[in-house]
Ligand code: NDP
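In structure tokens, the next block holds one chain alone, the form predicted on its own.
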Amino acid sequence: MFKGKVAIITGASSGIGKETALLFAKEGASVSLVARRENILKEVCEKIQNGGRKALAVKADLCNPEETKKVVEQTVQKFGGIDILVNSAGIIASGTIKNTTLEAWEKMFMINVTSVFYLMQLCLPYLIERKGNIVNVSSVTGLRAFPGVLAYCASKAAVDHLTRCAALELASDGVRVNAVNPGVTITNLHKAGGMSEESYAQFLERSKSTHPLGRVGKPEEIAELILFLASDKARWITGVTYSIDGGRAQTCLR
């Protein structure tokens, strides 16, 4: 499906980003894997290479503009161009309008929104040249409001609108831009955001009742949707924010 294609995938050391990288490689793409945790990133890269596929590990802090430029430069140097950009890197943190600090707010937006915008912008010359596409990983919180994670919700809503605006602006260049909006999915996101193992287990159990299909998602399920949106099967789809959440976005507080 992706033979001869080159994909940059951020957040590729774990969770949705990792599963997306593995799936894209399986389908024949050359993948440029981006994350901050170099040792884990190399393990993913080696797994792909051991399977006979092409992969490049790029350690980068996407809050640093120079390191973000390096991602694009090294990818093009290695593979000759870019066809697909998947922005999967992101963070979550608890906080309300009453207690979220300006520093916490700015950090959330820097990682979840600004780095996405800048990497999209840097990749554009190559995506336009190859009529490529972008898939951003958003969240159900971009579509619906949830208390206690104010900055995260606002950042994902920003990603959704960034996706829609960019899709309209790039349509004439033949570049598609879409986003996926997962519900609760089993990844390291919440634990990295400060949730304990016990609290996370309780959160996952409670989430069975907040998602109409009665369970949380798996990262490989999100990866399958990303793969579809990045493929030629979705060549007439752009500007969508696609829910994949077991029905969560359709529910109301009870």
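This structure is a prediction, so every number in the text was calculated from the model and none was measured. Heads up: residue numbers just count along the shown sequence, starting at 1.
FYI, the form predicted in complex with the named molecule isn't displayed, but the following is about it.
Shown here without its partner, the chain carries M1, A21 and Y126, none of which come within 4.5 Å of the named molecule in the predicted complex through any heavy atom. In terms of contact with the named molecule in the predicted complex, the residue from E43, D61, E27, E220 that brings a heavy atom within 4.5 Å is D61. Taking the partner from elsewhere, I111 is found to have a heavy atom lying within 4.5 Å of the named molecule in the predicted complex. Within 4.5 Å of any heavy atom of the named molecule in the predicted complex lies no heavy atom of L229. Mapping the unseen interface onto this chain, Q202 falls outside it, with no heavy atom inside 4.5 Å of the named molecule in the predicted complex. Taking the partner from the other structure, the named molecule in the predicted complex has no heavy atom within 4.5 Å of any heavy atom of A55.
Heavy atoms within 4.5 Å of the named molecule in the predicted complex are found in exactly one of 161 to 169, 117 to 125, 77 to 85, 175 to 183, that being 175 to 183. Residues of 85 to 111 that come within 4.5 Å of the named molecule in the predicted complex, judged by any heavy atom, are S88, A89, G90, I91, I111 in sequence order.
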